[in-house]
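Each of the two blocks below gives one form of the same protein chain as structure tokens; they are labelled structure 1 and structure 2.
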Structure 1
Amino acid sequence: MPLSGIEIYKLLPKSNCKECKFPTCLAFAMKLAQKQAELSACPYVSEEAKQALDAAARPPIRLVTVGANPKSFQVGNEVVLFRHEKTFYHPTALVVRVSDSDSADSIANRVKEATTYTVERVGHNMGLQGIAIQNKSGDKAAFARCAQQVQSLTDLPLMLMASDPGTMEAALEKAAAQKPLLYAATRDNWQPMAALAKKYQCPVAICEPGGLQPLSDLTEQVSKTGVEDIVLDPGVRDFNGSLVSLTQIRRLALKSNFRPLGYPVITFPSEAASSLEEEALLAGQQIAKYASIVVLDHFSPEMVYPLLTLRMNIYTDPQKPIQVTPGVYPFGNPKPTSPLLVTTNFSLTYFSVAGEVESSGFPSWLMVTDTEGLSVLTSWAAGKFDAPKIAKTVKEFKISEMVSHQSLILPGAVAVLRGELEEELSGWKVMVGPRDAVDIGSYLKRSWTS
């Protein structure tokens, strides 16, 4: 039976030393109860407490880190089956695969494309998380050279793919400092692969296509060697098999607390796809249900962008809207005579309005009011975007020192606030703008005179 936060707290040192990175022992205990922290973070817990807390302290799905530099990524540590129950915490890592049988130029081009690709959506910069290097040639030296080349071209985390432990170690001698993910330990090579993972302190993937029982048996064998950072590959590749297998692994880890399957999962959608479109579709399914790492064999912006957008939507906290920082944002080098518009800090609203203001050709000021991430009509209905709140924002950011005209343009959807806002802002003129952001440009051309 899982322990409550208070029950866990009673077994902790209660010193509030903060070495666990939490402000108090009680805060740490609450995170342990929610499976969002590991007991090993506390250096002073007693052996008796460790035994009592073992079941409550370990997250149902282990948190695994791949990489050693600031761009390292973490996967696992999920606590729910469905995001609406709480949230998903660690987004699926998208990794692009290269082969040591490819030419040096081809490898360099692919790595450069994957490393430099970035796209912004509602204020978030999104990109790929890693490069997988496969020993397709069967040549130990070629694999080591490829690992060294890729490491010199990117700061993204690496994944080394070789079935022969000797070949794997040859590449590790070049790239071990990057703490790459080793793929894969199997029923035939698990002992030397586990030894390499332990020697170089790298995470290791376990591949067993024979079913979940053989996979869990192999996982237990590897973990008994002292290797804790494990990623699972159940070996299924097609749409139906992938969905069923990954869902069963997630359910067994969360609902049954089945430790041998309580690890992140890796998938290879291209290995069951007959086309680029099918690879993208299967990758999308696996991001939603429930892959932690997805290895892609093809890279193109038009393929990756929808996957990044899908991932962002799934891994956004459904209880916490995406927000921008309240403040005053200039567009096009505005002057004191330039128009001042107001909107809310819901990201989608802000970027819709900001895009239209920027493309209007009118240098303008955009004042963003803190509505706790709610859109214009929603925040108005909730009492979070009203005249006193807007007036407070005007005073807080000293707008009167930035503009000389003392005129403010309200979103047309809340025109009802005009009179009350003019009472709150004595001496100000409140104008009613368009209801839709797309009409901002034509509104300013028609209505604004400096």
Structure 2
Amino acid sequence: MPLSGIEIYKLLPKSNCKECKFPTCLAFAMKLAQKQAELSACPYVSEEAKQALDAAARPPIRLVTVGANPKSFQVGNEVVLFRHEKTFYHPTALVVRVSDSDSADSIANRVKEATTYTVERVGHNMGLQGIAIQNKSGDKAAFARCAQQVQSLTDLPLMLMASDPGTMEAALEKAAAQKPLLYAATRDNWQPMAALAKKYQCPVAICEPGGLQPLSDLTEQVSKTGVEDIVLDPGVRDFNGSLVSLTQIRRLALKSNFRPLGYPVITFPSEAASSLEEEALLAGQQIAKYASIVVLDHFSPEMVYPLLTLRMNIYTDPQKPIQVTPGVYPFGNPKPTSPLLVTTNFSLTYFSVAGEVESSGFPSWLMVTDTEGLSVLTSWAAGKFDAPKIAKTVKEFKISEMVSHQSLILPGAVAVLRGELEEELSGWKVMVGPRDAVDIGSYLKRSWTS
């Protein structure tokens, strides 16, 4: 819990010496509470006060970094239970697992697929965050070899999964520079695992399926050894168990400020799934409900693409839709005689339309109206995409200097605007396009004669 200004004041020297450049200790304390000053500005704070302030400034869920730059990812540091309360900050990392008992070829294929996979959605490139390597063979040398192989094939962060500390260290000797996530410290091996995490400066997962109390006790023990970059695995795999335990962990961290469980959580949806689809649905649940790292055992684009889309949805700031800059966008070297289409600046709308215009084969102009990031019908219903607004945009962007034809194509969903728009833009012909962007290509073929 962050401290209030008064609480901080109590920890300061109260001498009002002004060396911090504030008139009084109280004024400085108030600024600290608002995060507008740094504690280091006061040369006289006691060690004790520093520690208390540090502890209080700690986020309720620790931010943990996995991997070394440039492809490392960060998870944790969430501050709300429901995204509408503020936003979710650090998108769930999707990690694909390979096993050291698989053939080198199949490992190589999987790793390459996962590493090179990227898919674009509303102007953002989405992909996977890491590769997990499971010591299934039980063999130390095989695990180390596999870690080395995977490392040579990918720049994604790694996660090493072995229960035997000696085996873990064998792989770490190859891969420690990448700062892999170690999985896992358990009640049986936590001491040597924590020692490895400390020695190699790697984050470590703690797995304790016996319930949240034993998990919390174990985490306490590990953190007492000085290891702080921790990821929790409550060991509960099924749909309901996962929902319940992840909800409780999130609530304990945020509502009860319960430190021992204030860490990001990892899940393994395939371990409770009987099909690829089920794995995807459970992974989906966990993206929405509080998993920071989700380890997938299958990789196929038709599974990963919807999951990445869901992650983007859930982690979008509810206060501001993803937008594009209003303006006129050319597609395929348009000429003054090329078609002119009109849309809004909601990213989803813009990219749906842009994609279709691009693949239609017709060089075109796309005029993007500023609707404050709202879709066609939403902005129309909100009075932000009406005839006067569109007419104004046509003038503002000097469209008449770009096109010679004075024809403009409206989204089919707002066909009702046609008459009024023709009045606003005298001399212009307003055409009504299809409702769905998918039909833009066939519409242009049918209706556009320049």
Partner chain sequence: MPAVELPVQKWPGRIHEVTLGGNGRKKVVVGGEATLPFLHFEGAIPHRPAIAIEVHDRNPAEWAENLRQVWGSALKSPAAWAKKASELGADLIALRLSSAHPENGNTGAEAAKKNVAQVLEAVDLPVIVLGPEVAEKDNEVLMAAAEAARGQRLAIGDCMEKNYRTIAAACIANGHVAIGKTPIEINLAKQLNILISDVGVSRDAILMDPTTGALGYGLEYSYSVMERLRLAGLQGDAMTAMPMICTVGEEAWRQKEARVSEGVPTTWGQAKERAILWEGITAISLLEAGADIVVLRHPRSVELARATIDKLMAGAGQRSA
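Whichever C-alpha set is largest while still superposing within 1.5 Å between the two forms counts as the rigid core. Residue numbering: structure 1 sequence, from 1. Quick caveat, the model's predicted, so the values are computed rather than measured.
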Answer check: the form predicted together with its partner chain matches structure 2
Once the core is aligned, please say if the CA of T65 is shifted by at least 2 angstroms between the two structures. no
Is G361 among the residues whose Cα moves by 2 Å or more between the two structures after superposition of the rigid core? yes
On a core-based superposition, does S274 travel 2 Å or more at its Cα between the two structures? no
Rigid core superposed, N345 Cα shift between the two structures in Å? 3.1
